[in-house]
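Okay, here we've got a single chain as structure tokens, the form predicted alone, with questions on binding and movement later.
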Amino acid sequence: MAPLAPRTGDAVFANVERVNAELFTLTYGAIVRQLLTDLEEVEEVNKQLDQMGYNIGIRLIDEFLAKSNVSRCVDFKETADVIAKVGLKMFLGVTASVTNWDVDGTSCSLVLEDNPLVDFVELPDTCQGLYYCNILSGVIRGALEMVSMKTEVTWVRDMLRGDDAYELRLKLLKQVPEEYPYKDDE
């Protein structure tokens, strides 16, 4: 039997259960607000959002692989393209463009065309150091780590901070060789 062709982001998005976008956005906003109240330091909130995203990403990758029928990517460029066109579409309903590759092919930018997490959001002056969507960088980092890619994911531009776009920078730190829990010769 021939393997199934990978599904596009639109095809996967059409078949995934969704929650109300406003409920999702407002719930996320309430989480960020509670973190700001509890932790008080904006930098600590950024770290906590990244860690929460990482924990989500290490679990979300299983659902992504099961529902998208995407085969193993051959390199980091293909991986970034799958994240931009299938992963973000599947879970957020948006796509991104992959730009600004370095010469080694180990670093690129994802420029989001839209960001549903920031609907209804305005950052007060006291929160100007906050990366409100830092959970997304953690999700991507966690998911990539589960497929043997150690990465660094940071926000470069954020419209909530006055920039003209939402841009994440992905940098491949190392490709981790897969380790199997058993040996074939035993």
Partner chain sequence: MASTACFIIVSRNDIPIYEAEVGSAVKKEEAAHQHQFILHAALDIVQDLAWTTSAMFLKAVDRFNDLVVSVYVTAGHTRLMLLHDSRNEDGIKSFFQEVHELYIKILLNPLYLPGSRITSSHFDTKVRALARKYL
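For clarity, every value in this text was computed on a predicted model and none was experimentally measured. Numbering follows the first chain given and starts at 1.
The same protein also exists as the form predicted together with the partner chain; that form is not shown, yet it is the one meant from here on.
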Can Leu36 be called a contact residue for the partner chain in the predicted bound form at 4.5 Å between heavy atoms? yes
The partner chain contact at Met52 in the predicted bound form, heavy atom, 4.5 Å: no
Within a 4.5 Å heavy atom cut-off, is Pro124 in contact with the partner chain in the predicted bound form? yes
Exercise: Leu26 in contact with the partner chain in the predicted bound form, heavy atom 4.5 Å: yes
Those residues of 43-78 with a non-hydrogen atom no more than 4.5 Å from the partner chain in the predicted bound form are none
